Ligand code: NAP
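Presented below, as structure tokens, is a lone chain in the form predicted alone.
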Amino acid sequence: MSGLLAGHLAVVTGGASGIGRAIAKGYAEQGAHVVILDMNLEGAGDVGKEILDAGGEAWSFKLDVTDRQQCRDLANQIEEKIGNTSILVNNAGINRRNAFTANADDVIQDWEDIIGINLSGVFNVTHAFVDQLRSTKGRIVNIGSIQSFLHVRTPNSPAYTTSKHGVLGFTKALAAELGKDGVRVNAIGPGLIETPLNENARSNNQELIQTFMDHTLLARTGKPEDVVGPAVFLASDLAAYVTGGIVMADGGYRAI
């Protein structure tokens, strides 16, 4: 299969649904062989089957990104059985919207869970695959958010906002360190994308959704497929001189 990503082995975390699913399928359409990682193994397998049925190559594995040893073991397994990873997409994440002044137990649990998956999980997976990426002069694409920049008009939980600020900082720090090895590290900042992650908020908090729409120049919510183009660009040779940055896929939200 020819395409912008032909010859690459791409690993996508959180690939069973939403943005991760769309990126995994988009990468396969551009010729990459794709490894789908997710806590939901059945969902990851379904995405892999879609890719295989379309003529691509895909594998699926269960992964808890908060388990550092599991990340290392799986990275070794992929290297031994499939090959060296040249593209890593850190997409796995969760969100909750409890305020800092909400029930203390809930806030503490939010902090531990969200930071553990959204930020420490990115560290764990990247650390597990970094040797492979250095050997292939690979590309890392981290999924940030418009919450990688603080916007008081769309308040979010302190844990989620902190985690996405951290993802952007981690992106810049890794770009600075790994540039000499030929590894490019960038992020994507999605706006309000229609995914299972925010389905409840979209259904039950119309005031919040309207706040987003009032500041989104394209006047619509995004689809997971709207993130695929930036993800393909950053992983491809089209972005050969792009590193340490963030590409916003937010419908113009940050423009005003």
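Sequential numbering from 1, following the sequence displayed. Please read these numbers as outputs of a predicted model, since none were measured by experiment.
Omitted here: the form predicted together with this ligand. The next part is about that form.
Heavy atoms within 4.5 Å of this ligand in the predicted bound form map, among the stretches 101-109, 158-166, 79-87, 128-136, onto 158-166 alone. When contacts are defined as a non-hydrogen atom within 4.5 Å, all of 39, 145 and 197 contact this ligand in the predicted bound form. Although the partner is absent here, residue 176 is not a contact residue: none of its heavy atoms lies within 4.5 angstroms of this ligand in the predicted bound form. None of the heavy atoms of residue 243 is located within 4.5 Å of this ligand in the predicted bound form.
Within 4.5 Å of some heavy atom of this ligand in the predicted bound form lies at least one heavy atom of residue 190. Put simply, residue 17 is close to this ligand in the predicted bound form: some heavy atom of it is within 4.5 Å. Shown without its partner, this chain lists 34, 63, 231, 47 as candidates; in the predicted bound form, only 63 has a non-hydrogen atom within 4.5 angstroms of this ligand.
Contacts between stretch 80-100 and this ligand, counted in the predicted bound form as any heavy atom lying within 4.5 Å, involve 91, 92, 93, 94, listed in sequence order.
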